[in-house]
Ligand code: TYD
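Here we start with a single chain on its own, the form predicted on its own, put down as structure tokens.
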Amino acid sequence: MRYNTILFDLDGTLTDSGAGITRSAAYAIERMGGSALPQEVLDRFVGPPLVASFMEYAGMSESDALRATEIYRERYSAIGWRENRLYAGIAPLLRALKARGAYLGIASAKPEIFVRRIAEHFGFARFFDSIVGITMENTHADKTELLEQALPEGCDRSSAAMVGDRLYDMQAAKKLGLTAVGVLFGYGGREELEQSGADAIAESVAHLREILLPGEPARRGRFITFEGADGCGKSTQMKLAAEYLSERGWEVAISREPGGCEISERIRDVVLDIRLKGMSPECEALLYAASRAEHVRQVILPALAAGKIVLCDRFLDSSFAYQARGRELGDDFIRQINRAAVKIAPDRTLLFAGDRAVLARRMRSGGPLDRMESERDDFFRRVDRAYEEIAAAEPERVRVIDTNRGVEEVFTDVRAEIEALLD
């Protein structure tokens, strides 16, 4: 590893925080009776100290800028800090750096109370050895002082780097003898970073990884499947999980079965077509296996190799539940026809289970039923029993989640299972 100590700026470097900052700045300017600023000017508030920004961009006196900063913080404290998300790929990068023994710190011109709140809420505080920001009383942040506070005692500065997106970050790093690494995915530009003395400039998070961890390939991603009988709410939970992970800096690939790529989606159209009720169980099972073979090779394996978190609505367990048991084809037949198709097993399967009558009502209230959804109750009872047996046989992989609750309550369990897998 090239650097033993790495300090990061927050806004525009770890998190895409522009929405919360610019909306809070616009709110403060309006409250102060100022003229509305165009978005490209508001974007300049991301990174520099607020008082200086209000003076420079809104034409305020220092006393008015101090009052505007107070108003800004009222909105930011209530709403703005949540209008935020980590850049895609930041979470696995931080995990990789920490796994290699690097000392990691955050040095931000934002009040430390907000820095810590954001780091805890978005799940990246655990990666950092030091988190430094200004006090609420401090309105003139000095980035050099913040970096010095974030550095470990006795740090060898020749093997330390500072990563940021603005000239203030680069200038402070150079002043302290740190390698200055600029990023272009934030709110600064190449010209700004070059003129401020950046030693390296990353065009993307992937490029930043190459700079900080040269020659080290991305760690394999994680494969999480969402299973359960029709009407269980798994699709809703998968969407919530995708947004949750994306906000926290993970690269996410969303897919489904049957489907996920062009050929598999065409097979989906056939296998679920309500007009094809006469399809034999064997044909149905083989179509699912064919769809899966293409899906695995075109979508799942490449995404995992790129380090992404793959969330898939159904996978092989559905074939055992619906075709092996629901259609009564038997486990051996399903295992045999999928042997060549399946080259990967899920790292975690979330099985959504609920009362059969409730699931049936949910399914029928969702619009026209497809060929599978229109099956009789005895078919679904066999499917339910099959899922119960799968969960009992593989408790380490399959985690059962009770869906007889509200969406948010269910997602609390989903979130806990995902976080445990990624830790």
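We number the residues from 1 along the sequence you see. Since the model is a prediction, treat every value here as computed from it, not as a measurement.
The protein also exists as the form predicted together with the ligand; that form is not presented, and the subsequent description refers to it.
Per the 4.5 Å heavy atom criterion, the ligand in the predicted complex is contacted by stretch 322-330, the sole one of 322-330, 89-97, 196-204, 239-247. Contact here is defined as any heavy atom lying within 4.5 Å of the ligand in the predicted complex, and by that definition each of S235, R292 and S318 is a contact residue. This chain is displayed alone, yet in the predicted complex one of E373, E389, D43, E56 has a heavy atom within 4.5 Å of the ligand; that residue is E373. Screening R268, R209, R73, R222 for any heavy atom within 4.5 Å of the ligand in the predicted complex leaves a single hit, R268. Taking non-hydrogen atoms only, P258 approaches the ligand to within 4.5 angstroms in the predicted complex.
Proximity of V252 to the ligand in the predicted complex falls outside the 4.5 Å heavy atom cutoff. Taking the partner from elsewhere, R314 is found to have a heavy atom lying within 4.5 Å of the ligand in the predicted complex.
The closest heavy atom approach of C155 to the ligand in the predicted complex falls outside 4.5 Å.
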